[in-house]
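As a starting point, one isolated chain is supplied in structure tokens, in the form predicted on its own.
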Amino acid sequence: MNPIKQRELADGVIFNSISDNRFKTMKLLTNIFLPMSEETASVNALLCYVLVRCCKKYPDMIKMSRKLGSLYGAEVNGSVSKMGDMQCIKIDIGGLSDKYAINNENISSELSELLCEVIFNPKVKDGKFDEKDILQEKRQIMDMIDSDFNDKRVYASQRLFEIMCADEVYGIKWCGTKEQIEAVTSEQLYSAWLNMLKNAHFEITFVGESNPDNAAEIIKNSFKEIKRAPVDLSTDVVYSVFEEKDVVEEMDVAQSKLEIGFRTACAEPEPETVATRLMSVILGGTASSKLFNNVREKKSLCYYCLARYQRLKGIMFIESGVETANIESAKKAILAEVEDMKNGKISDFEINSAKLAIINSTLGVSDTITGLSGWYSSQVMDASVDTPEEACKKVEAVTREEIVNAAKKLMLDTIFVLKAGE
């Protein structure tokens, strides 16, 4: 039986509750979905971090920290990511379960009220957010952008998607550019907040032993006065490759990066995504994978070499760190492993090892309240919402033929090389 219970609190506002008595804490996670675009990526990203900084009732970080401290050290966090072609603003609050409060306080209700204060009652005056708060959060985001640039592994992956998805919104960075962040005004931020309340799709997930009904009622009341026109959750998937792209970028780095992107012709909510994911793990997802054993260990052509599958976009990409002299050899060796999979050269050991790795990883999400809330909230665009156990059964049922068929659909799209300069 699936433990998740779903109800609609308002148009485009879904409340999910998962009861689990193994934890002494509870978490309320809000995923706010808006369409990704160059015009709004930066302002929406900045909005997230300004909102979680403070609110009208607790107008600075000191007062907010005191309030969280009074709730047995509760925490409010925010982050921004991409899920398919949607920008996802995540705001979560977590704290002690009601059962363990010393004076029988209703902690879950207080946390729900505080979350609503953050989202629905921010520190604004005359249609503007506070300039000092904005400036501080701009600096934080620009530091994140610099950090991504300085981590060449992250930078190379971002460049692959920028090139591969140049004509798609998926190619836009989660927060836009530094210049766009710098240019955001307090009025624009206020307009983005109003747009979020009216047009965003909200997926709210409550996890823990506490009663979720009070939280649901508090959130429902917060939406009562808002006229909603929520966006649809959708992602465009490219099913063919018209031109292979090969881009080399030189930079003063110690280690070259080789990134290879494929279209898989398979994305959620298609059922073949399970076999496609398993295929990518067999190729380069574990220490028993083809890329690790054959390209890295036997041929010593790279420092690391692994494959990842983006199931919402139908993209598989391979990332590796190589010596400049080995770039071409590594490229040929990697593509040869892909061809072997298309030709059915997959051992039972490789299949079973990949299945076991996925199953162990999947069952492990239930070990923490953060993992459990993330597991269910990540399935918002999937065909069905599965428990970890149900997902494992689907993996176990995948056949060799389905894996080979998934490999045969792979289409080389883009090769990006970050080449160490002379």
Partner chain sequence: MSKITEVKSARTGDMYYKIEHDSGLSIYLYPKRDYNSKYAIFGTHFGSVNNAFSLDGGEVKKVPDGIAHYLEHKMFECEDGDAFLKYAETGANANAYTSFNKTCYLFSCTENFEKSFDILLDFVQRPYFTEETVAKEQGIIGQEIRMYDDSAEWVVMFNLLKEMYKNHPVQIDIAGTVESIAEITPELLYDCYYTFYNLNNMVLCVSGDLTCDDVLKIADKKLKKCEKHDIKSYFEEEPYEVCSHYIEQSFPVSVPLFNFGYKEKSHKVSQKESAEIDIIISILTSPSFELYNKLDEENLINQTFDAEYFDGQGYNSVIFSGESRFPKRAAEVIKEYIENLKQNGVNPEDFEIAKREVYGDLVSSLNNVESIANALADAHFNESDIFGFIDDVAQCSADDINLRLKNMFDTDNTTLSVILPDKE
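Because the structure is a prediction, the values reported are computed rather than measured. Each form is matched to the other, and the largest set of C-alpha atoms that superpose within 1.5 Å is called the rigid core. Numbering follows the first chain given and starts at 1.
Keep in mind the form predicted in complex with its partner chain is missing from the figure; the text below concerns it.
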My question is simply whether residue 197 lines the interface with its partner chain in the predicted complex - judged by any non-hydrogen atom within 4.5 Å. no
Contact between residue 190 and its partner chain in the predicted complex at 4.5 Å, heavy atoms? no
Test of understanding: in the predicted complex, would residue 357 fall inside 4.5 Å of its partner chain by heavy atoms? yes
Although its partner chain is absent from this view, report whether residue 317 comes within 4.5 Å of it in the predicted complex, heavy atoms only. no
Site check 121, 266 and 348: each within 4.5 Å of its partner chain in the predicted complex by heavy atom: no
Any idea which of 133-141, 229-237, 157-165, 207-215 reaches within 4.5 Å of its partner chain in the predicted complex, heavy atoms considered? 133-141
Would you mind picking the one in 245, 220, 342, 153 that has a heavy atom within 4.5 Å of its partner chain in the predicted complex? 153
Among 387, 366, 379, 37, just one has a heavy atom within 4.5 Å of its partner chain in the predicted complex, namely 366
Contacts from 10-38 to its partner chain in the predicted complex (any heavy atom within 4.5 Å), listed N to C, are 22, 23, 24, 25
Taking the rigid core as reference, does the Cα of residue 73 move 2 Å or more between this form and the one not shown? yes
Once everything's superposed on the core, is residue 268 shifted 2 Å or more at the Cα between this form and the one not shown? no
After superposing the rigid core, is the C-alpha displacement of residue 110 2 Å or more between this form and the one not shown? yes
